[in-house]
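Just one chain follows, in the form predicted on its own, and it is written as structure tokens.
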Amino acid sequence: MNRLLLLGDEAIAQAGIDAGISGVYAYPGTPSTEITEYILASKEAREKNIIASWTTNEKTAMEAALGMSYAGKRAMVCMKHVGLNVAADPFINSAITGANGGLIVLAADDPSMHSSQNEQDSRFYGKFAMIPMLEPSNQQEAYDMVIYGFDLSEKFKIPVLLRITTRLAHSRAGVVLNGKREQNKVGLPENYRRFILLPAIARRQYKQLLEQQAAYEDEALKSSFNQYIDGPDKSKGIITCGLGLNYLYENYPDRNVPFPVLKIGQYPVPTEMVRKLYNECESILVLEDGYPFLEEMLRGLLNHGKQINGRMDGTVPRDGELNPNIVAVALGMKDEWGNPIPEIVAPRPPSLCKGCPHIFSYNALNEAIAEFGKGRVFADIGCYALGALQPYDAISSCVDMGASITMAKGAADAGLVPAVAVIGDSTFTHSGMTGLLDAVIDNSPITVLVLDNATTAMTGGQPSSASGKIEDVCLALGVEKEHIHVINPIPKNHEENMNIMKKELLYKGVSVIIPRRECIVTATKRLKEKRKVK
């Protein structure tokens, strides 16, 4: 079948299969999760023995993909934007080592924070690392860019960053497939020493990276993903980055935009094309979904010259994702945002599922800690962050993956005792273990609740790296055996669970309580599948 109706994520996944990848590594995070799920579910990928692996965190995913690239095979690593923070160390250094087999780093940004704690724009990471970047404007380009990106990576022996946003990741369009390519054979780098980042080698490699910048820009200048579309009205020139082109076209159904348009889908920014638009037009409007990345470059430090409009001057809102109405207003067209949303369909806050084990863990914790007052429970990224909402009002922080344990430690160091950390099983192995080791080394008076629902629930029920390992990990990190408790968070055990928590809150050292019961959603799915088999 040459044409498929695909999500942006699915188009990227299918392109990876078609481009001859040998492995995809990822930690689940919306809006990137469906890429790896698609490959995991693909019969074609299984027949080709493509490795599709959920890793402990994004750093380990990046390093595994770099290792596969080192061995000469094509690899893809996928994460959401905040995951790139976790992977930043190997990601930045991979620009210095370079790649051997093609290597694509997929970062899915989330403007408007639909399921994230910030609106970070991954293009800054690509610029920081000084590697080529690709940003599709639609699902077909997402597919084509993966095919092209692997070739680009192997041409320059450099990782390539592919940046998408939520709206493209989770919307569908017809995608024309472009043939199949066999996987690379194992082949070591001609000079494997470039992967040894001792200072003397790294300095040499860095110089080579700098020398390559002109070639990367020349490649972007020639790229079909960057287009100069002329228009008769030179009072305004429009620059669109990625999905911004679609939002512009939605205001011109016939696609006859009267102004010159510079479409950018490949970076480094092609300076000559930008200069041409700047010289020909009286003013510039920049449409980019995310931070004012390109707009800042155009303005420079002095902000002298022609008028430049975009997110920085308020022509486009500084926060949130782009949409056709925002573009219309920026163009001076009528604001047609529409009538207020009726209450019956107004967004409602999410809630823990009925029967969720976290409910009963929070009920016991709230009662156990009540005598000490509010503000002592540090939570983490996962379903259990919903404990911030009514009727629980159970947590006082949720900052980033793994922060619960280390924030509880810091608060206890400051004298806030007792202090409690609440972390999920998957998040614990992602980035909570090192914080627990710090607490053990200093014998910090904290109580850690590792809520074990046997899955990575928030992103759809992917396997948890912690399954069957939590007690052993805690023992290995030095938590005393008598202060590790496994409890069953069900209503009939409320008094028993609460008393265990009360006891450990008074202990002047590190204690770990593991409320263990399978996620109600994955349990329901598992039972349905079991009945089907019968």
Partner chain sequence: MKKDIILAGVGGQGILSIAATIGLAAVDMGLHLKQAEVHGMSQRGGDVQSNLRISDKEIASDLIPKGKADIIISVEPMESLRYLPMLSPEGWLITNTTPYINIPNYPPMEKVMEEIEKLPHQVALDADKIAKDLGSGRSANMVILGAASPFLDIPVENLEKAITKLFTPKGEEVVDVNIKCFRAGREVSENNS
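In this text, all values refer to a predicted model and were calculated from it rather than measured experimentally. Between two forms, the rigid core is defined as the largest C-alpha subset superposing within 1.5 Å. Numbering follows the first chain given and starts at 1.
Below: the form predicted together with its partner chain, not depicted.
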- Note on the structure: Within 4.5 Å of its partner chain in the model of the complex by heavy atoms, the stretch out of 433-441, 411-419, 264-272, 381-389 is 381-389
- Among the candidate residues P258, G320, P350, P463, which is the single one with a non-hydrogen atom no more than 4.5 Å from its partner chain in the model of the complex? P350
- Query: Which one, P232, G179, G373, P340, lies within 4.5 Å of its partner chain in the model of the complex by heavy atoms?
  - Reply: P340
- Evaluate N325 for contact with its partner chain in the model of the complex, applying a 4.5 angstroms cut-off between non-hydrogen atoms, and reply yes or no. yes
- Is Y249 a contact residue for its partner chain in the model of the complex, using a 4.5 Å heavy atom cut-off? yes
- Query: So, in the model of the complex, is K155 in contact with its partner chain at a 4.5 angstroms heavy atom limit?
  - Reply: no
- Query: How about L5: is it within 4.5 Å of its partner chain in the model of the complex, going by heavy atoms?
  - Reply: yes
- Task: Using heavy atoms only and a 4.5 Å cut-off, decide whether all three of V186, V399 and D472 touch its partner chain in the model of the complex.
- Result: no
- Residues of 123-157 having any heavy atom within 4.5 Å of its partner chain in the model of the complex, listed in sequence order: N138, Q139
- Query: Would you say P347 moves its Cα by 2 Å or more between the shown form and the other one, aligning on the core?
  - Reply: yes
